[in-house]
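Heads up, the chain below is alone and in the form predicted alone; it's given as structure tokens.
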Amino acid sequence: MTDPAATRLICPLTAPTVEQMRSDMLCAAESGADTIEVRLDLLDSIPDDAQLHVLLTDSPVDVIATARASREGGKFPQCDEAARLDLLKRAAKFDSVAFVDVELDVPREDWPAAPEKIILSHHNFVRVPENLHEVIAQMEASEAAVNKIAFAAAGPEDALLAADIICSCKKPTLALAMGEAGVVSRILARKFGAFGTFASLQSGCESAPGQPTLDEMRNLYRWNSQDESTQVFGVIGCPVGHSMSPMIHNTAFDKVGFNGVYVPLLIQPGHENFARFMQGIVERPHLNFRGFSVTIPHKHNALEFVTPENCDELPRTIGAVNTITVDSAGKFRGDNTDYAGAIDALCDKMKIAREDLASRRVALLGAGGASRALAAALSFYGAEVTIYNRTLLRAETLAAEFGCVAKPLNDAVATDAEILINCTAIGMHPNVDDAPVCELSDSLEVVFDTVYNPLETKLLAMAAAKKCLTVSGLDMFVNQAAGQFELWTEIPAPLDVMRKVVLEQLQRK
């Protein structure tokens, strides 16, 4: 296995002209790429020797010359194989070209460079090759210096397979699971000890599905801080591309000097998909996955996987786990920081302890997952909860489970509650002029909106106008992330930093 410090951060250049590709080469080197891949097949025309001189002379970093054949996802026509190999042969003569990428099915006698320059590659944009072990064995037995295999990922468990390949090969190896589901194979390539990984110059310049940008690799996913002992955490859900959690947790790791990295893990709905990935983690303790945030649609799947006996009472009662922790012995534990984040946000603003919620009258708007977690927690601490929902039957079903009262949503304007908590999505961006109620009862003292985008919803503005104490969804969101951070690291969470990250991300969006 390659020394992690030697893992190359490779930027593929996809511009259509030699001049733009040369300009991008300089930008990529300045942005932290230590190797450049020139995708010669993506140029508008086959470059002549003078154009290759412009492109390849005095490169600031090592170059990989690639002219990908159409049979493996490139743009070079199959009928021009001789011209393709000749182009690679001409490129290989330049001193800056450290490697030439050649497909596995190219005969040895047709290789355009000496074996010590050859990256022998195979790509499958549909699935993991059925003959994967045969392909790897053929690469290992060849004279080529580097193995490279890339395949479409069905789920993040295929990224774990890529790690297996890297660890099992004797030669420097680049193994990538393509697509959003396999992005962890790219992010963790340095930890796995790969020969390299690919990161695009900017969004829209990717040469294959699932490539992060150079900026994301270096600044979001802590590329230079990764080593073999780095602990891995991630967010499991579908979708996960919108999640702010990687930015929040990686920034927090940076702040406290914790050797960890947090990654997105796209898992399609269904218990089988969830369990298949988690079983892959169980079978690979050496990869050092130590914790997971779990979001829609997998919170119940997470409870089933860790089993109720490995959870506290409230997560069992709620029937959902949003946090999994893996200890040094490989034991899995489930927690729910959603309810804790919300309850603590409420209690902190009211300057009371959780136990002081006893006998407080609470109006809970909505009957979905967030409402369920809060209904369970508020009832556990003795609050008197009324659940208001557009579909009364859903409210009645939830209320019966936790000893609450159920009423139609329209009745909430006449509530006699002291505390109102909105657990619906009404008022969330872009529908910022909406509110779950048209007016607020005079009995209300505290209004809590679990929506955090926008920061001040119409409901909270209404509450502020009535001089009610207001609690923002931002407080709940930061609290639940901080709870996860502390469960995983046993270090106090840098709350101010985490809150600042969320605010910056919301402003950017």
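From a predicted model like this one, the values you see are computed outputs, not experimental measurements. All residue numbers are counted from 1 along the displayed sequence.
FYI, the form predicted in complex with a small molecule isn't displayed, but the following is about it.
Annotation: in the model of the complex, residues T7, A29 and F99 none come within 4.5 Å of the small molecule through any heavy atom. Interface residue remark: I187 is not counted as part of the site for the small molecule in the model of the complex, having no heavy atom within 4.5 Å. Heavy atoms of T424 reach within 4.5 Å of the small molecule in the model of the complex, making it an interface residue.
Looking at Q484, you'd find every heavy atom of it more than 4.5 angstroms from the small molecule in the model of the complex. For T66, no non-hydrogen atom is located within 4.5 Å of the small molecule in the model of the complex, even though that partner is not displayed.
Residue G369 is the only one of G193, G369, P264, G291 with a heavy atom lying within 4.5 Å of the small molecule in the model of the complex. The partner is absent here; in the model of the complex, the one residue of I36, V451, L40, L56 having a heavy atom within 4.5 Å of the small molecule is V451. Only one segment in the set 386-394, 174-182, 313-321, 89-97 has any non-hydrogen atom within 4.5 angstroms of the small molecule in the model of the complex, and it is 386-394.
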